[in-house]
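Starting off, we have a lone chain in the form predicted alone, written out as structure tokens.
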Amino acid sequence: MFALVDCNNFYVSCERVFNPALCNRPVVVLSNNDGCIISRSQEVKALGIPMASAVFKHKDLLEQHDVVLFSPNFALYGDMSSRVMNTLGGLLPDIEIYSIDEAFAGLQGFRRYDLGELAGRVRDTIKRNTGIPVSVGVGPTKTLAKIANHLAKKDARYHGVCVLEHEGDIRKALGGVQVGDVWGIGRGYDRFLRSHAIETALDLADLSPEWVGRYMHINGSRVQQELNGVSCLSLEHVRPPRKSICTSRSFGKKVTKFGELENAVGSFASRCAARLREERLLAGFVTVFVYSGSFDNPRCRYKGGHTVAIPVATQGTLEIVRCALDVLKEVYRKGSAYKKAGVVLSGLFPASASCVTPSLFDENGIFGRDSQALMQAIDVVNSRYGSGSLRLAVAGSSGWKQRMEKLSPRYTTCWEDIIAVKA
């Protein structure tokens, strides 16, 4: 048996933990630059405002219902996610963190337990320890656990916990789930299946395996077997190796000066390098891309990008930033107004690998022990005093900083924002 623990309206719930006055009020969290809606409270969902929609399209409705808007506070959300997952790991030790607000858990060691009672205890403990409400779905496969979680979240009769253990309960549940809501069925397969009068998850489960294999291939066959209680997807305790690391942002205003664009690319490259060191990886290639506004005059639109090989695979900020800025000079076009830029590191492999060929021309120790000691010192300072406390001069935020006009305090990650209680 598997359990799927999913946080309810996670970003909104994080904001409510430290501001109880927001409970029962309509709340949304916006995307970068406060452009689109990425998290909605139940009150906002009831208004019919769709996910990922642009804020300006619903401005009148948001004002009419006094909806509270927040800029994304990813430092807070990431820390709260860690607290939820740590609590869950203490209750169910065999877990797979699937996303920032979801985790699967194996229940093979809990066969003697009442699974409904166990799931309820997990839900109550996470709520008590973190303040974050979660829904728990339990099923004999990961796909059925997903469906159980969907029901636990959408149907108030389940009170946040749904267990699909017996065949009759499973088939009844599958009959009430649209085929497009099944985990692993994307929009393309949804349209295809509906064109063949396959409307529910039960219809998909009852199809001929030969037909599914012919038209939906191996992935579709796995989904069907999972719906029929045959487990094809095990827990992933080790995340697959990364193939690339990317940092990109849309700017708060259009950038026309090369110096401002240089600051942005330098900042993105520095963040990518820091993530490399966190995951103990080396990078062999650097890609830089820049975009002008999508709604600009067609004659002024521009998309540029280029990839170069790093002389020696590295995780050092100095060399990665140097390469990124060299690429930027190649893709930059004077006269364009840029709206977005990004840096991608690829050709990744473990820093412990012995296949790194040193350079004969590394006279300044860019790739050697001196560079490693410098990077370690920078990481220690930034870990203690906050990200960006110590950075390269080129990695500034002048001119391109994102618009975040409704940002809440970083209650758990910044000393200045910690709530003070006076008795």
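From 1 onward, residues are counted along the sequence shown. In this text, the rigid core denotes the largest set of C-alpha atoms whose superposition between the two forms falls within 1.5 Å. Just so it is clear, the model here is predicted, and its values are computed rather than measured.
Below, we turn to the form predicted together with the DNA, even though it does not appear here.
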Since exactly one of Arg123, Lys142, Lys340, His150 fits, which has a heavy atom within 4.5 Å of the DNA in the predicted complex? Lys340
Of the options Glu262, Glu96, Glu319, Asp101, which one has a non-hydrogen atom that comes within 4.5 Å of the DNA in the predicted complex? Asp101
Hey, of 239-247, 110-118, 125-133, 156-164, which bit sits against the DNA in the predicted complex at 4.5 Å between non-hydrogen atoms? 239-247
Is Arg410 one of the residues lying within 4.5 Å of the DNA in the predicted complex, judged by heavy atom distances? no
Since only the chain is shown here, I'm wondering whether Asn219 would be in contact with the DNA in the predicted complex (any heavy atom pair within 4.5 Å). yes
Is there a heavy atom of Lys406 no more than 4.5 Å from a heavy atom of the DNA in the predicted complex? no
Residue-level contact is defined here as any heavy atom of the residue lying within 4.5 Å of the DNA in the predicted complex; does Gly35 satisfy this criterion? yes
Look at the candidate spot formed by Ala54, Lys146 and Gln402 and say whether the DNA comes within 4.5 Å of a heavy atom in all three of them in the predicted complex. yes
Classify Thr200 as shifted (yes) or not shifted (no) between this form and the one not shown, where shifted means its C-alpha moves by 2 Å or more with the rigid core superposed. no
After fitting the core, Tyr338 CA displacement of 2 Å or more between this form and the one not shown: yes
Verify the C-alpha shift of Ser81 between this form and the one not shown: is it 2 Å or more after superposing the core? no
